[in-house]
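Here we start with a single chain on its own, the form predicted alone, put down as structure tokens.
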């Protein structure tokens, strides 16, 4: 992000939000470049939010064709004859997002997420991935960390009526208001691989049950070579068996990962639109804070479950 000033057109369009977070924050937003891979309900909510906020550019990546399941949670795709029409999810979402804010450059990047090398991610300030494997999360995060500049990395997953956001801002400096003065702060974030490698027995006793449940399902999909979300109720016995094995290895009581929670995650992999809206809103807010350098960032996991209506922030790191 360079030091260019806002144009008169940008200043007029973003007048209201400039009054909220200031000219400098809006300038940073308007010069930022965001990459999003995996376009389901939660990520399209996020895309809508940051396009309206006025980022400089948004690059979309999802070569999957439009299906009925995609239409269920993706409001950017018109419900007409798009099913089987030949356009990818990224193509159709791109066309819709351009209408939200013509001043934001929205484009499509074809190709599998795993095919992009380290240099590809250098042109972005923020990378958000969803609907991808455990290996892909680790790999993309590591590629972002190899760059000479700091690239904010996020993963987001929504299953049934609950979901998870992970944040890696690396070595992050920011400012926040305390009383009548502005205080400079700094936080050190672990990578996704480092965070999930922390032994469960070392975590606080009240860590969200959803954290453990998501790790079990991730591990099951990896072992069974399934794509994210390719589970059903028939898989529950094997998922419970894996849960028991992991709990034994980590010296964790199995009650910390209830059968009922795992059943929800494997039996209903569709996104619940209200939960997508919550997660997409939180993610948009966090990305805006990371780009602007203002306000306490989320460190480093966020969990939401509509059953109890609670959103929980968990700091799962060694620092």
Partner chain sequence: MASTQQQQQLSAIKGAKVLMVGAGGIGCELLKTLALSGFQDIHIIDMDTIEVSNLNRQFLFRQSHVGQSKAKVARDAVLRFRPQISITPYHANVKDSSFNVDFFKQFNVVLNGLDNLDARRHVNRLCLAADVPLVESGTTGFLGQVTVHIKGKTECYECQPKPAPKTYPVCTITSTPSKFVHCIVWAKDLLFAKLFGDKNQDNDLNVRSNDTATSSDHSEDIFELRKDEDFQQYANRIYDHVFGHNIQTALSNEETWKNRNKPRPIYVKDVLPDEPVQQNGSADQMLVKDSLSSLSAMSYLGLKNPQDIWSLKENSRVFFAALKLFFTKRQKEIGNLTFDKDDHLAVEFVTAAANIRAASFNIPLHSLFEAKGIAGNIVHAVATTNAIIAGLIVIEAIKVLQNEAKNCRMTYCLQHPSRKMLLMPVEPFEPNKSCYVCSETPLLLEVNTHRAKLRDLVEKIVISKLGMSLPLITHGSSLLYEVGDDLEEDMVANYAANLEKVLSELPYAITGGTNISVEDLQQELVCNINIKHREEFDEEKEPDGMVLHGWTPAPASENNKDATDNNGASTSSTSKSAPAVMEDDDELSIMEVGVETVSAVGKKRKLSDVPHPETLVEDKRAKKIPEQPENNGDVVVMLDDGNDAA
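Basically, rigid core = biggest C-alpha set you can superpose within 1.5 Å across the two forms. Here the structure is a predicted model, which means the values were calculated and not measured. Numbering follows the first chain given and starts at 1.
A second form of this protein, the form predicted together with its partner chain, is not displayed here; the remarks below concern that form.
J.: Which residue, 258, 65, 56, 293, is the contact with its partner chain in the predicted bound form, using a 4.5 Å heavy atom cutoff?
T.: Exactly one residue meets the criterion: 258.
J.: Even though its partner chain is not shown here, does it sit in the predicted bound form so that 32, 109 and 203 each have a heavy atom within 4.5 Å?
T.: No: no residue has a heavy atom within 4.5 Å of the partner.
J.: Is there any non-hydrogen atom of residue 284 lying within 4.5 Å of its partner chain in the predicted bound form?
T.: Output for residue 284 is yes: heavy atoms within 4.5 Å of its partner chain.
J.: I'd like to know if residue 230 sits close to its partner chain in the predicted bound form, meaning any non-hydrogen atom pair within 4.5 angstroms.
T.: No, residue 230 sits far enough from its partner chain in the predicted bound form that none of its heavy atoms falls within 4.5 Å.
J.: I'd like to know whether residue 209 contacts its partner chain in the predicted bound form, with contact meaning heavy atoms within 4.5 angstroms.
T.: Flag for residue 209 set to yes.
J.: Give a yes or no for residue 71: in the predicted bound form, does one of its heavy atoms lie within 4.5 Å of a heavy atom belonging to its partner chain?
T.: So residue 71 counts as contacting its partner chain.
J.: Need the contact residues for 12 to 47: heavy atom within 4.5 Å of its partner chain in the predicted bound form, sequence order, or none if there are none.
T.: 12, 13, 14, 15, 16, 17, 18, 19, 20, 21, 23, 45, in sequence order.
J.: Does the distance between the two CA positions of residue 12 reach 2 Å or more between this form and the one not shown, the core being superposed?
T.: Yes, because once the rigid core is superposed, the C-alpha of residue 12 moves 2 Å or more between this form and the one not shown.
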